[in-house]
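First, one chain by itself: the form predicted alone, in structure tokens.
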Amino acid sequence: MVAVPAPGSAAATTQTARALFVRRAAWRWEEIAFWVLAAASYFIFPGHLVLITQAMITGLFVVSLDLMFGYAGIPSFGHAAFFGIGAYTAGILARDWWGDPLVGLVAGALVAGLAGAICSQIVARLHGIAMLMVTLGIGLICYEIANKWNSMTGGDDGLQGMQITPLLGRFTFDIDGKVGFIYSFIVIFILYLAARRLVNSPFGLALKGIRENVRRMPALGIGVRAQLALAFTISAALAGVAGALLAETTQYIALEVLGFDRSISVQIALVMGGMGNLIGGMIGAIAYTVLRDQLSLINPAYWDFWVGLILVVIVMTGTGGITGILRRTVDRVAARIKR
């Protein structure tokens, strides 16, 4: 006979809390649909694997920003700094020392994470517009360093000459992007699962509490600065992995990986997909990448206008971006079917 905890007891409270986290961690239909379609795209769109791979890498980059901005409430105009640090770390390592992709991936994450940990000690002490200005300054500093340090980064000409060795000693990165797609898909999916576990943990709940009401959290015994610094560091490390993936799959790094435009584009993709919702970051990245690619083909001079117009429509339609729109639409259709 199984003992039932008495209402109000510590055991009952613990059981209720566990049930809450289990419900919060349950997979939603849009998550399942996204990853099934992403895997199926290898067979459905074999001629566009390079573009799809870059879109998924952008998705990981957006997820890293969502962890910092959507969950912890840390705005950033310089998140591309950590993306670029990861890319240049993996690229320089492959050009001058060791081209193993997994080693480059780990190195990109570690160096970007270390840079994030250092910067977080400043950012976690600030609020609002001060955070924006400091992150913008970090991005500009990294861009200028890469631009002036030509002997190491290649400057305006970009970093070239990377020698990426076969993955696991067997699978060579091909021009069709097949190996790059599979490699990126596996890495991004694993990191998505890790990020998902993180935001559905007590740490993720603490981040949401800080975002909603930063002044009340210390009363609950939560160190706000420490939590924000950790979130910033993890976010930077994830961005570094995304940058390293881009460097390894394209075997070329342009200076724009550190540019302000990339920081803004990842913000657009996050808002487009839906903040505070990891799968929204992935969906937003895919949508933004496809829109940018197709609209630039149709109208190279004014594609920004159309992306901006679409963004305004999505925001005006309701909260939650594309993901929120999809959920509300499915809920309405399901309600009508039940009637």
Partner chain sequence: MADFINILGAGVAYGVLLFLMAGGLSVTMGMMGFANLAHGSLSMLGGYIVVMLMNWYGWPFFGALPMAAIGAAVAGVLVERTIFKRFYWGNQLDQVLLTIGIVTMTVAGATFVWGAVPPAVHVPEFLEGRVHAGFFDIGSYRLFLIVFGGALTAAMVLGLEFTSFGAKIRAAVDNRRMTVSCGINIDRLFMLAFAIGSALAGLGGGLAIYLVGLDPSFPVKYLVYLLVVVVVGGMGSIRGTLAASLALGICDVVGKYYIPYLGAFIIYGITVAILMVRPNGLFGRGGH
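Computed from a prediction, not measured in an experiment: that's the story for all the values here. Numbering follows the first chain given and starts at 1.
Not pictured, yet referred to below: the form predicted together with its partner chain.
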TODO: Choose one stretch from 70 to 78, 94 to 102, 251 to 259, 235 to 243: the one whose residues place a heavy atom within 4.5 angstroms of its partner chain in the predicted complex.
DONE: 70 to 78
- [ ] Could you tell me which one of M133, V106, M152, I118 places a heavy atom within 4.5 Å of its partner chain in the predicted complex?
- [x] M133
TODO: Heavy atom within 4.5 Å of its partner chain in the predicted complex: which of L297, I32, V312, A40 fits that? Just give me the one.
DONE: V312
Open item on the list: Please tell me whether any heavy atom belonging to Y302 falls inside 4.5 Å of a heavy atom of its partner chain, as the geometry stands in the predicted complex.
Closed with: yes
Open item on the list: Taking its partner chain as it sits in the predicted complex, is G137 in contact with it (heavy atom to heavy atom, 4.5 Å or less)?
Closed with: yes
Task: V271, heavy atom within 4.5 angstroms of its partner chain in the predicted complex - done: yes
Task: its partner chain contact in the predicted complex: I129, any heavy atom under 4.5 Å - done: yes
TODO: Check each residue of 137 to 155 against its partner chain in the predicted complex and list those with a heavy atom within 4.5 Å, in sequence order.
DONE: G137, L140, I141, E144, I145, K148
